[in-house]
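One chain comes next, on its own, written out as structure tokens in the form predicted alone.
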Amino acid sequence: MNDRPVSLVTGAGRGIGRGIALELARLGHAVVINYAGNMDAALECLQLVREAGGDGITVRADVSSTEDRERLVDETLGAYGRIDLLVNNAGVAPSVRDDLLEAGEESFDRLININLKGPYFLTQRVARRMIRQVQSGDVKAFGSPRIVTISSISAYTASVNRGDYCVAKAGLAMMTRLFAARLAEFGINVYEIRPGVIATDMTAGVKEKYDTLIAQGAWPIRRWGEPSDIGRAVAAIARGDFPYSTGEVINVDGGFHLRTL
């Protein structure tokens, strides 16, 4: 019988997802490390999770696929029998940054399917399972289940050369509100974490641009964010540090949202 809280983290092989997985491992969680294609990175993350004091498994699944989402949940339940925390983190950047007036439907469909539709229906499926846990009284050891979605400052910051990405992230913000309102009666709290500019593979190609913005003081805390910064925010939620908050947006962005003059 599993004696650890169980966290399902999508896109956990590297980047922000890995940072989240490691912080949850330090809390003693069993972490389901979902990945889409990079098995080596996922296995490396699993080793780091175990070294940090956690347990875990890896599950390959494309969150944009209905069949893969079902299998991801089924394999999680088959391994541990429960889900105490869902972290919707998997996401992709546009393959090409095209001007808003020129961008095509192929990129839009890809971004919406992976970054918005996938998390939406995965949350729906996991939430139904969490409700059954609550209704069966299976919350005493670890507390009520929780759901976290990793969005972005792009949820409200217009980037006209990646409109598909911004629209998807804005959709995640509303998704958080919707599930927070629907699940509150079951004691399942839902949160959105909005990262700023985080040092990952996704941002490596624009490092020079953001190095310049940081030096110019584009946001108050003059450094790159790290995956561990996001991980620590998720860990605080996992510990139950915000029991009277749901639908809350937690900005982890170096103060970007302050819009200083």
Ligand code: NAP
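This is a predicted model, so every value here is computed, not measured. Just count from 1 along the sequence shown to find any residue number.
Separately, the form predicted in complex with this ligand exists; it is not shown, and the next lines address it.
Only one of 128 to 136, 173 to 181, 89 to 97, 75 to 83 lies within 4.5 Å of this ligand in the predicted complex by heavy atoms, and it is 89 to 97. Shown alone here, Pro195 lies within 4.5 Å of this ligand in the predicted complex, counting heavy atoms only.
Proximity of Ile150 to this ligand in the predicted complex: non-hydrogen atoms within 4.5 Å are present.
The closest heavy atom approach of Tyr191 to this ligand in the predicted complex falls outside 4.5 Å. The closest heavy atom approach of Glu67 to this ligand in the predicted complex falls outside 4.5 Å. Just one of Asp62, Glu226, Glu44, Asp55 comes within 4.5 Å of this ligand in the predicted complex, counting any heavy atom, and that one is Asp62. Interface residues of 25 to 43, taken as those with a heavy atom within 4.5 Å of this ligand in the predicted complex (partner not displayed): Asn34, Tyr35, Ala36, Gly37, Asn38, in sequence order.
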